[in-house]
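This document opens with one chain alone, in structure tokens, the form predicted alone.
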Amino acid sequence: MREGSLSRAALRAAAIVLALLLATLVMLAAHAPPLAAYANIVLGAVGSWDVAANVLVAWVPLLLATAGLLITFTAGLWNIGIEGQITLGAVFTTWMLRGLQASSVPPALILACAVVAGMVGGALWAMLAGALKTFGGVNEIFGGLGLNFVASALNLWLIFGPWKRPGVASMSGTVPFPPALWMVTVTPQSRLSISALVIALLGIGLVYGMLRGTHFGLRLKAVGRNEKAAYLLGVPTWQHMMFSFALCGIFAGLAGAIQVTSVYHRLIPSISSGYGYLGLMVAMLANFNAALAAPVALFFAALNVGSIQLPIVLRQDSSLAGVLQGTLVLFVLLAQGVRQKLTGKGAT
């Protein structure tokens, strides 16, 4: 057992070293000094309280997206449509806020209703992907990608159509909501909400407990490992698959709701900010382990925020951080494949 743990650790360490080496070669090809680039990424992520707070702001929706994806991954499903589910969560949140902001309902209750509406919107969009998979035989990857485009188009239509700013349609999004309908932040100038942070931590904790310590989690794993065998053992497979989509959609919709109520305070064209796709990489790098999801998501959030320094200081594109993220996931997955070949077992 100990030898197996050491071999896994050695392979992952080798994967990280190879990823850093490849990212360094890319930086050299782009005429960017690697040490200065890495130093600026670190300083851009933890150089001051403000930038550290921005890392946490990015961490919250990323962690929520990852938490939801861990559920569908456990069921053996690749929920690529999570980007659209985040977007629909933001759309439903905006719809509720617009509908209630002029009413006499207390702002705290309006905010709570908006967040719930976002969760419902994400769940409905996810269940549509699940229905296409379960009842229509459409692979969830292709169905999810198609629904992502539909969600994005719907979002743009609302921003430039029915919900456009008075007199003009703007890429900056809809009219900002009044501060009374914002999640409370640590300072008036900050976008970091303690409530959102607590929600994200509770969310990943809930997923961790559900997948490790419940009968539902055990059944979900059975469906993911071998759907036919699970069915023969009496597990209602399609119901568990649909439920996993719905739960993932709830987390995605919650991420979209936080984007609207805590970060941007309005609906913008790129409201999902790519957190769905990034969550896929986080889940894979964490080896689909909920216990590792929080630190890995924090690392990715720090890379995203820290990379903003690259164009400012070194005049290099911030997408270099994306190269590092992608190569990390690639080499970790390759390391898992090598270990599986050597041992004849799946990665654990």
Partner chain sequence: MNVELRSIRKTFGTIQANAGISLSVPSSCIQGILGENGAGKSTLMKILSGFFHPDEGEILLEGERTIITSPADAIRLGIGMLHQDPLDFPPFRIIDDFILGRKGGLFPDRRRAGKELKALAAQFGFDLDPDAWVDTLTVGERQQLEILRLLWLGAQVLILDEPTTGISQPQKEKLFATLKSLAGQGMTIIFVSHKLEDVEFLCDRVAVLRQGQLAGTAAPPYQTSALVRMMFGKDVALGARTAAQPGRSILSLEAVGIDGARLQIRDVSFRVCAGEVIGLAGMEGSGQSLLLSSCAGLTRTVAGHVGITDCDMTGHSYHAFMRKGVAYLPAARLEQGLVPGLSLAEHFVLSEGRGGPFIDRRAAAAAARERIDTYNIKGAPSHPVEALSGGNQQRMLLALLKKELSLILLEHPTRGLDIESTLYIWGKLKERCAQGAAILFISADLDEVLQYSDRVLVFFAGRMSPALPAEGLSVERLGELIGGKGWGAFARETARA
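The model shown is predicted, which means the values in this text are computed figures rather than measured ones. Residue numbers count along the first chain shown, from 1.
Only in words, not in the display: the form predicted together with its partner chain, which the text now covers.
In the model of the complex, segment of 248-256, 92-100, 116-124, 229-237 with a heavy atom within 4.5 Å of its partner chain: It is 229-237 that comes within 4.5 Å of the partner.
Partner proximity in the model of the complex: G213 to its partner chain, non-hydrogen atom cutoff 4.5 Å: Yes, G213 is a contact residue.
Its partner chain contact in the model of the complex: A222, any heavy atom under 4.5 Å: Yes, A222 is a contact residue.
Touches its partner chain in the model of the complex: L218 (any heavy atom, 4.5 Å): Contact with its partner chain, yes.
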